[in-house]
Structure formats: structure tokens, C-alpha cells
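Next comes just one chain, in C-alpha cells: the form predicted on its own.
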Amino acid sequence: MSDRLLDIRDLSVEFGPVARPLRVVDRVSFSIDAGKTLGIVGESGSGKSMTALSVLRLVPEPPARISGQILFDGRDLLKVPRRNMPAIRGKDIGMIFQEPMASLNPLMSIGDQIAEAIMLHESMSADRRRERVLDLLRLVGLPDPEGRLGAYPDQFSGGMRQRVMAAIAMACNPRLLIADEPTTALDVTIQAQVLEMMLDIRRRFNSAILLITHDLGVVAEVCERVVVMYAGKVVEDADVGSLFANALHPYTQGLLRSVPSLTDTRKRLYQIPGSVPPARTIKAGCPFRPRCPARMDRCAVEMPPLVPYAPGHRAACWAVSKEMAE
């Protein structure tokens, strides 16, 4: 029996007219096994969050057009009627959204918000529900959970709000947890606590985690595999050790060179020139070509396929050779 929990195949998300679509996610494929963590990395505008939102069918259709397959435990979520998706969100798949202050209701206490998530999917008495809320707050490490049940989001720090979001996401012990930039704008101490909390949740419930981030340090710490996205496409896909030891795509190499060094503080921090192009400006060829130090004429007219260069390590670049992968 396969342990594969989430299997995304050729996922595309388009906006605009059919004749001239803006494709913000372009034939993305990857999978996650139960109990494992996969990271998706890339700059803003790479399509990371749109991919995550598509898994939960939170991208409005229309105006979006979504194609491909999103197989969750063998069931294609794109074929599930939209009216049935709320039964899956929160129960089978939980999500920690990117900005907790914008995601939490400022007019509801945090206790009521967590209880509401439980009420949607579980049948239990008010007393049992209150105990469940307290258990969740203890699980995510929130200080004085009983004293904070009636508190409101604006009374909490960013790290504490992120913990509340995690409690809501884990309210019904989902089998898949999607975390969209869960450590953004948090200081390093709180970042470490949030990451440890997520790993503890994974250990307790054997949940899979899909981690959306731009921080390669976070990926190195908590993920087994990593998908690198650029302009809506997957440009590299590998286990974490292989990627950090031998990144193949020039974009991935640039991201790794951009990570500050603790040993050589005098070295000037590398910066990839330019920025991710808007979807409407992408034509034929490889979208990274204008910023790529290894570009060649072929890159302007033909997008390289994502192909394996080593076991479990794929890249989409004409400049990559078998010799580089060895």
C-alpha cells in the first residue's frame, strides 16, 4: 500500500481570456507521503501560494481556470463539488495562512474561533469542546491557555497569533497541514518555536506538511524534499540533501548563494539580478533566461522539460549536463 497522501499532477491555474491566458501556475507536479514534509521555495510571484490555495480549492473559479489533478488519498479534489469542499477543509486538510492578523476574525475571541473550527466537523458537548480548545492551545505552546480563551487577536503578538492559526488548522487532526510562510515577520526565537511546534504536530498525528517559504534555512531544518518554483513552473525538485549539496538549476544556485554566511561575514551578499517577470510578459522559452548567467540561444525559444538527472533529483535547464549531476 502506497504512503503517498498528496499527488499533484500537471496543475495549471489560468486567468484572463482563453485565447491569451495568464498562467500563474504552469503544469506543476509533485507528491508528499504521509508523515513527511515538502517545502516549496521561490521568490514572491513564483506561484507558491497559488499552488497551495488550489489544493484547498480557495482560488475562485471563475475568474480562474484550474486544470490537472490534485489527488488527496487517491481522490481528485478538482472533481469534488465546491459545495462539498468545506467538509474537507479543516478536517482532512488544515492550513496556516500567510498573515495571521488578516486571517483571524478581530471581533471573535480566539477561544471561539478555535471552537468554531471544531463545531464544523465534530459533534461534542460544549464542555468537551472547551477542553479540546485548551488542549490545542497547550499543544501549540500558548502560555496560560485558560486565561487567554476570551482574548482577541489584537491582544496577541505575531508569534502568538501564528500559534492560534496553527491550533485552528490542527483542530480536527488533519492528515495534511499546509503552512504558507508560517515564520514570516517573526524573530528567530519565535521562528524556531513555530517550526518545532509544526514538527511536533507531525510526529503526534503522522500528518504530512506542505511548507511554503522563501527561507532555505527553514527548508534545510524541517523538510525531506524541496520543490523550487519560478514564474509558476517547477524548475528543480530533489531531496533536501541532494539539493543543498549539488543544486543543478542556475536559479536554485542563485538562491543558495543569496543565503547569508555565518563564517564569511566580509563576503558581499549575492543578489540574483532582476526580478520574477509578471505572468503577462512571459512568452516562449525559459522565463528565467533574462536573469540567467548560463543562458543560451535555445532558452529564448524552447522551455526545457523537467527531467531526472539523478535518482530523485529533477531539473528543467538546457545548461545542465549529466556530468554536473554526478
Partner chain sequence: MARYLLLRLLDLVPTVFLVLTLVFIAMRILPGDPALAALGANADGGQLEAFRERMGLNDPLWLQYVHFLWDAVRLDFGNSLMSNIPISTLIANNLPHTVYLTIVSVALGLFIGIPLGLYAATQRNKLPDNALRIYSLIGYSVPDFYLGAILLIVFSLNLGWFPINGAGEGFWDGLHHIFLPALSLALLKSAFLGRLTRTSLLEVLGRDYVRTARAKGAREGRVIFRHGLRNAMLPLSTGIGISILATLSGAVAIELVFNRPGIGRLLISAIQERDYPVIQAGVMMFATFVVLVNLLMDIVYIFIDPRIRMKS
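Residue numbers count along the first chain shown, from 1. Since the model is a prediction, treat every value here as computed from it, not as a measurement.
The protein also exists as the form predicted together with the partner chain; that form is not presented, and the subsequent description refers to it.
- Shown alone here, Ile32 lies farther than 4.5 Å from the partner chain in the predicted bound form, counting heavy atoms only.
- Using a 4.5 Å cutoff between non-hydrogen atoms, Leu256 does not count as a contact of the partner chain in the predicted bound form.
- Although the partner is absent here, Ile168 lies within 4.5 Å of the partner chain in the predicted bound form, judged by heavy atoms.
- The partner chain is not shown here, but in the predicted bound form it comes within 4.5 Å of a heavy atom of Asp154.
- Site annotation in the predicted bound form: the residue of Asp215, Asp239, Glu221, Glu99 reaching within 4.5 Å of the partner chain with a heavy atom is Glu99.
- With the partner omitted here, the residue from Val188, Ala245, Ala87, Met124 that has a non-hydrogen atom within 4.5 angstroms of the partner chain in the predicted bound form is Ala87.
- Stretch 116 to 124 is the answer when you ask which of 226 to 234, 116 to 124, 137 to 145, 195 to 203 has residues with heavy atoms within 4.5 Å of the partner chain in the predicted bound form.
- Residues of 38 to 59 placing a heavy atom within 4.5 Å of the partner chain in the predicted bound form, in sequence order: Leu53, Leu56, Leu58.
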